[in-house]
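In the form predicted alone, a lone chain appears below as structure tokens.
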């Protein structure tokens, strides 16, 4: 029996999810606000329309006899796409609006973690006005603070003292800016350490981990420049990090299981879908930086191509609550994903620039390519104002995977740039040394 699946979303994350569904034997349909050339090539049928127009999505699903939907991005999740689709008789891989607030509201999340005494939580305080802000800064110390708007920010709204803010006045000014925009915000503990990402499959009760990934948020080499949606990521063949032990993974996975249970207790709704935990290993233990209610972009590209288990079966087990009946395995390989972005990204990106791709050469090298925010016209590819293409290398070790990704990047021509240092031994060593210095 052939399964008809729909993917909602239009980025490289959705491209790799779509690829995994097709590889599993599904007929793929895609509903996206912006045409993704990779999804177009994989799909039986596509529709270009708002990803939050639930009636249109339900009609498209009914027309094409869709068996289930996979929701890629966070924006539709936090406004209730799963509630709408399931009410319309379409099962979904993705959390309902109540559970998706783990990403949709940082205030909700910190409050939940505090109430249920989740070990990896950090101190924080929420604000809906400037009342008490100065006192809190004085109490905690400006250099110990991070400012986070409450809602979705696309990875670009969080400001950290020492990286984006450099004085008490800077913090106050940014808080005032958020209040002027009618945004709630939290001031929370600044952690010192190395971040790592644990993406999980969740069926309401069972939480299954995937290989650890480390992302690179800063635009330029050496972790400099403004924050972006992510300029690349890597994973290592043992599915850990040189500075993250199996004990660390067990520690944060336990917290994620406790959070899934807390969401059910607090909201009455089971969390189903993908849950992404961004953690930081510090001298004081593993600390939660944030949750995302979906897979990462680029981190999905590091994990799904390694999945040996049929992804279609994983999705159906998430929906049916039977992940514990499924053996989920991943290849013991390393991955490196490098993102090509338009020149000037993220501040003043060049748009509508021609991109030439030598797919024959990419295939010979053994790299994979995932389309993000580019568009195709008359068989030509052009840039938009966001990240353009993710290039993935997979190999038995990190060094070889990085070389494959870098060679793959060399097969793409245009007014683009990427971080050459993503996945390199030098950058990894820098992070190992940083962690060693903190744990002394």
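Residue numbers count along the first chain shown, from 1. Worth saying up front: this structure is predicted, and the values here are computed from it rather than measured.
Not pictured, yet referred to below: the form predicted together with adenosine monophosphate.
- For adenosine monophosphate in the model of the complex, the listed stretch (286 to 294, 92 to 100, 132 to 140, 247 to 255) containing residues with heavy atoms inside 4.5 Å is 286 to 294.
- Adenosine monophosphate in the model of the complex is approached by residue 148, whose closest heavy atom lies within 4.5 angstroms of it.
- Residue 177 falls outside the set of residues with a heavy atom inside 4.5 Å of adenosine monophosphate in the model of the complex.
- The closest non-hydrogen atom of residue 272 lies beyond 4.5 Å of adenosine monophosphate in the model of the complex.
- In the model of the complex, adenosine monophosphate sits within 4.5 Å of a heavy atom belonging to residue 160.
- Site annotation in the model of the complex: the residue of 280, 357, 307, 75 reaching within 4.5 Å of adenosine monophosphate with a heavy atom is 280.
- Of the residues 362, 118, 184, 191, just one reaches adenosine monophosphate in the model of the complex with a heavy atom at 4.5 Å or closer; this is 191.
- Here the marked residues 106, 122 and 195 all reach adenosine monophosphate in the model of the complex, each with a heavy atom within 4.5 angstroms.
- Along 200 to 231, one residue reaches a heavy atom to within 4.5 Å of adenosine monophosphate in the model of the complex: 217.
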